[in-house]
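Form predicted alone, single chain, as structure tokens, below.
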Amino acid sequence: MALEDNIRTIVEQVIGELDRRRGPAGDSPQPATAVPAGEGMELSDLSGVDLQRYLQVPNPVNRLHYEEMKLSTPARLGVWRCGTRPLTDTLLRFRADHAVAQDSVMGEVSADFIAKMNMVAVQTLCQDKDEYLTRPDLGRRLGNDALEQIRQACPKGAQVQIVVADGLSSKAAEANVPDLLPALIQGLSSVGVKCNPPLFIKYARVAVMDVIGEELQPQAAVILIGERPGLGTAESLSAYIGYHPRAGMLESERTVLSNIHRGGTPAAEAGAHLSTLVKKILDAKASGVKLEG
């Protein structure tokens, strides 16, 4: 028990110091001061610290250049050190971001969220998240029950079929779809493009759009799917668009917009851009490299 108490004290001290040192607009760190630990003390969320504005190198020779470098990338620049080792708060932040990424991969999109977005929910042949991660092929296939649900909900031959998928980040869907989906549908409606009701497919891979294409035969399909999370963000979404999606469709035939998140392309902006892109694809009757050519 004494060891656990010591670890708790160290963590509380580091987090308290981190909150105090980061200051407004990323002020340079000040000398460390111990923060007394106490029972019931509420700890800050390390993953909430903006690393691009948190300057960890004390008294940098060129502060302005250091700030510019930090703001130019979400990569971990200038984390300083303790001898040959990283600082404790650097290590704890790394582990906190890694934990957030793991939670995003292993988490589930809630049923309440799916209902709120008025999406028809089905599941691929994957039975659970472990199978999804180890059997990518099953994430590209739908069973007979799922296909029947889709037939009942979505008429064949629509101009556009929109699919939302958890992919490798449940957080990405819940963070971005509420702003992206309405902007996309409204943008398509404004240019005269009609969509089927959106689908939500659990444990899906990108190529599940090919199965949807075979079943519903839309002119184009859009799948909004969570990207593999990194230490920079666990909420990044990608949009894949395919003209005439079908079995055997090449990856090069898909048009992709990636890095949809707060620190990349904002969700509402992405939705508006995607509506323009889908209209272009419908007019050109091509997507992916064929569209560019």
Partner chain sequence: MNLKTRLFGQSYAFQSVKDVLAKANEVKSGDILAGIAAGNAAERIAAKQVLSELTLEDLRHNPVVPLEEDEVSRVIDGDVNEPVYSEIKNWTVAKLREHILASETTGGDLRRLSRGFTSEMVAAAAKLMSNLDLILGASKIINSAHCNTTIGVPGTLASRLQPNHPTDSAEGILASVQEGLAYGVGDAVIGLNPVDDSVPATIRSLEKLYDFVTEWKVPTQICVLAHITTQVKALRQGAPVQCLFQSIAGTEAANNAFGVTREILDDAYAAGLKLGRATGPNIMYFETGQGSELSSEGHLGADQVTLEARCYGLARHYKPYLVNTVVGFIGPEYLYDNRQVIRAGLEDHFMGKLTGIPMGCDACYTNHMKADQNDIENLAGLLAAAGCTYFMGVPMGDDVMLNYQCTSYHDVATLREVFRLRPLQEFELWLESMGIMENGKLTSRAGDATIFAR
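Numbering follows the first chain given and starts at 1. Throughout, rigid core stands for the largest set of C-alpha atoms superposing within 1.5 Å between the two forms. Quick caveat, the model's predicted, so the values are computed rather than measured.
The same protein has a further form, the form predicted together with its partner chain, not shown here; the description that follows concerns it.
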Given that the partner is absent here, does A75 sit within 4.5 Å of its partner chain in the predicted complex, heavy atoms only? yes
In the predicted complex, does L188 have a heavy atom within 4.5 Å of its partner chain? no
Is it the case that M69, even though its partner is missing from this view, gets within 4.5 Å of its partner chain in the predicted complex, heavy atoms only? yes
Answer with yes or no whether D137 is in contact with its partner chain in the predicted complex, where contact means some heavy atom within 4.5 Å. yes
Stretch from 211-219, 98-106, 173-181, 114-122 whose residues place a heavy atom within 4.5 Å of its partner chain in the predicted complex: 98-106
Its partner chain in the predicted complex: contacted by all of D145, F200 and G242, heavy atom 4.5 Å: no
None of V79, V206, A158, A153 but one has a heavy atom within 4.5 Å of its partner chain in the predicted complex; the exception is V79
Quick one: which residues from 156-177 get a non-hydrogen atom within 4.5 Å of its partner chain in the predicted complex? L168
Is the shift of P60 between the shown form and the other one large enough to count as movement, that is, does its C-alpha move by 2 Å or more after the core is superposed? yes
